[in-house]
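First comes one chain, alone, set out as structure tokens in the form predicted alone.
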């Protein structure tokens, strides 16, 4: 743990999944292990909801309808009807990230998003996806999104836009990593200072913060996709 803090008792070391050996080198594997657990949780919930879909929704179906329906309306309200075509990717990212974030509040688990590699993989996917959507819609004309409003500004705007777009995966990665890892360290500090009095109240605050970080990723991805779908000016 950073800054000399003792590492909490986690499930990955107990299961022997904290590291693996590849070509004679020991590689950290715990974040992949916890990512698999997050995936298993989401698949389990999906099958449970799918098997109990009713005209009068139950509690679990109601929760997912509120989340998915509300976010879909938010996307359509900002992008238009084209938003429905890419919403499945956005909601998958949101549910995946919020699940991984909240895992850090469960005793014995760690948040996979507290590892920079997890976030970098999702950031590169987001970067590739919105550019692929732009290319699929506009073809070669997608380059106009990087050239500025006037042709004579192209020599200036093109390198600036390319640098700006290439910085987006780095920004997404470090923002999520810094916030989640910082919260994990602060939570351990509170636990060391006051195991119950200091930790339990902070759970609610950090739970909100982790949900907010998932929504920020969702919203930024939506903005990037909106830009790639809009006509270049």
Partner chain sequence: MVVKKNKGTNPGKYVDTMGTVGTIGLHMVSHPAVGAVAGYFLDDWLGTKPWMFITFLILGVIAGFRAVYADTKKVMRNQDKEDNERFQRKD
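What you see is a predicted model, and the numbers here were worked out from it, not measured in a lab. Positions refer to the first chain, counted from 1.
The form predicted together with the partner chain exists for this protein as well; it is not shown, and the discussion that follows is about that form.
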| query | finding |
| --- | --- |
| One stretch from 164-172, 186-194, 24-32, 47-55 that, in the predicted complex, holds residues within 4.5 Å of the partner chain by heavy atom | 164-172 |
| Touches the partner chain in the predicted complex: residue 11 (any heavy atom, 4.5 Å) | no |
| Residue 74: touches the partner chain in the predicted complex, heavy atom cutoff 4.5 angstroms | yes |
| Residue 20 within 4.5 Å of the partner chain in the predicted complex, heavy atoms | no |
| Contact of residue 160 with the partner chain in the predicted complex (heavy atom, 4.5 Å) | yes |
| Candidate from 156, 92, 106, 140 lying within 4.5 Å of the partner chain in the predicted complex - any heavy atom | 156 |
| 40, 203 and 207 each touching the partner chain in the predicted complex (heavy atom, 4.5 Å) | no |
